[in-house]
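Single chain ahead, by itself, as structure tokens, in the form predicted on its own.
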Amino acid sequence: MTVVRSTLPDEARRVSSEALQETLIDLLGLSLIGKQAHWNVVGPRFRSVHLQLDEVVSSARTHADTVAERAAAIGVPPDGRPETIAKVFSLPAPAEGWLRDSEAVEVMTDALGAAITRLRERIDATEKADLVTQDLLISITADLEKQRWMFEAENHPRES
């Protein structure tokens, strides 16, 4: 059953829908990683890292909603179900239990870096298929790069 018919050609819609679905999974996963770290962070920088984690979670959730709505707009039902995320999610995540502030920062830096790398691949993939989706992915990448920079600055110089 097709509820929304896209103005994109079938191949362009396929490329865009794959990029959007993969991005949705990464963003929902980032929000979960961020909350897990937020709840378990400890250490002398607890408050600043705790608040910064909430910024990432809020940003990831907002972007996830925009990505899902873009997918729906091109006639593809977004899939953010827990079982879908659990099945395919692969960004670096924190270990179970309490998390030193420096470890939380490192986990977020690594997870954001991995998400950014994948977003850049999707930006390239959507260049000819759908400039609107590409533009959306570019803006999300810019925001995640800013978040990553802020986390990376927290652990400078890197602790061993």
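When you see a residue number, it is the position in the sequence shown, counting from 1. It should be emphasised that the depicted structure is a prediction, and the values quoted were computed from it without experimental measurement.
Although it is not shown, the form predicted in complex with another copy of the chain is what the next lines describe.
At least one heavy atom of residue 146 is located within 4.5 Å of another copy of the chain in the predicted bound form. Within 4.5 Å of some heavy atom of another copy of the chain in the predicted bound form lies at least one heavy atom of residue 40. Another copy of the chain is not shown here, but in the predicted bound form it comes within 4.5 Å of a heavy atom of residue 70. Residue 121 falls outside the set of residues with a heavy atom inside 4.5 Å of another copy of the chain in the predicted bound form. Residues 42, 43, 44, 45, 46, 47, 48, 50, 51, 52, 55, 61, 64, 65 are the members of 42-66 with a non-hydrogen atom no more than 4.5 angstroms from another copy of the chain in the predicted bound form.
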